[in-house]
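Starting off, we have a lone chain in the form predicted on its own, written out as structure tokens.
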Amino acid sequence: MRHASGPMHAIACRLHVDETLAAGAAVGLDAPRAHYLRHVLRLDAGATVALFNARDGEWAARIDGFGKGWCSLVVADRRRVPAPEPDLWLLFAPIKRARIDFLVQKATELGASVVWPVFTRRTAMARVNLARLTANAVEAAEQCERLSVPELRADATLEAAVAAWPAERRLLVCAEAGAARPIAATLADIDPTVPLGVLVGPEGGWAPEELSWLLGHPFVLPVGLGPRILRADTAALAALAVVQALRGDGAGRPVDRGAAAPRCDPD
């Protein structure tokens, strides 16, 4: 098994934790993550992993010991301080399991701050496994080296989501039909300080009366994503990528602190 000796050595992987991170703090891991570190990565006491959350940043931590179904770590040095991240919401009509998992993973990598499944008139899925989607978001955050995990909101009807929508936040509705300016042109006319959300419809497209109802709200702006009809998951990721490139953190670069840590994936 790999183990550390002397100064803090290479980071084995990154793990998101809710506990407060500070030098000298003790952190305990649950059984799946303890098993992964011990039996998959084959780490021993003294090995180093990275722990992170949006509140405290990212810290190096030494494995203090293993037990049956647990692992304890001691936090050492901070690797990254907390930093502002884009405030970009994604609303989408739920799609089939493999594709919804993929969508949440990639939305996390693209920096979405809120991910919110909403049921539309033509949504084919009847339920959403929020716990599984949250796990997908956590794993994606660990892999892509962001400090936060997006907020996974409980599924709601489209009507309920719109009723709760903050009036000051613009909602970019991806419309495959009707009058809609290209998304880049629409973004150019929006004050960069105004927060945004993106809404993507179901696999069967918007019902005409549903789209008309949406466009009757003052905070809604219809946008187009080009001449091709995109799958729902493709449309969501394309819209997020354009927003981040033009007014998000798409011009940023990864923080240079040596080789990236491998992904920690208990599955």
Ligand code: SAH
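Don't overthink the numbering: it's just position in the shown sequence, from 1. Keep in mind the model is a prediction, meaning the values are calculated, not measured.
Below: the form predicted in complex with the named molecule, not depicted.
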Would residue 158 sit within 4.5 Å of the named molecule in the model of the complex, counting heavy atoms only?
-> no
Applying a 4.5 Å heavy atom distance criterion, does residue 228 contact the named molecule in the model of the complex?
-> yes
Distance check, residue 223 to the named molecule in the model of the complex, heavy atom within 4.5 Å | yes
Report yes if any heavy atom of residue 205 sits within 4.5 Å of a heavy atom of the named molecule in the model of the complex; otherwise report no.
-> yes
For the named molecule in the model of the complex, the stretch among 123-131, 172-180, 185-193, 142-150 with residues bearing a heavy atom within 4.5 Å is 172-180
One residue of 50, 27, 235, 63 in contact with the named molecule, assessed in the model of the complex (non-hydrogen atom, 4.5 angstroms) = 235
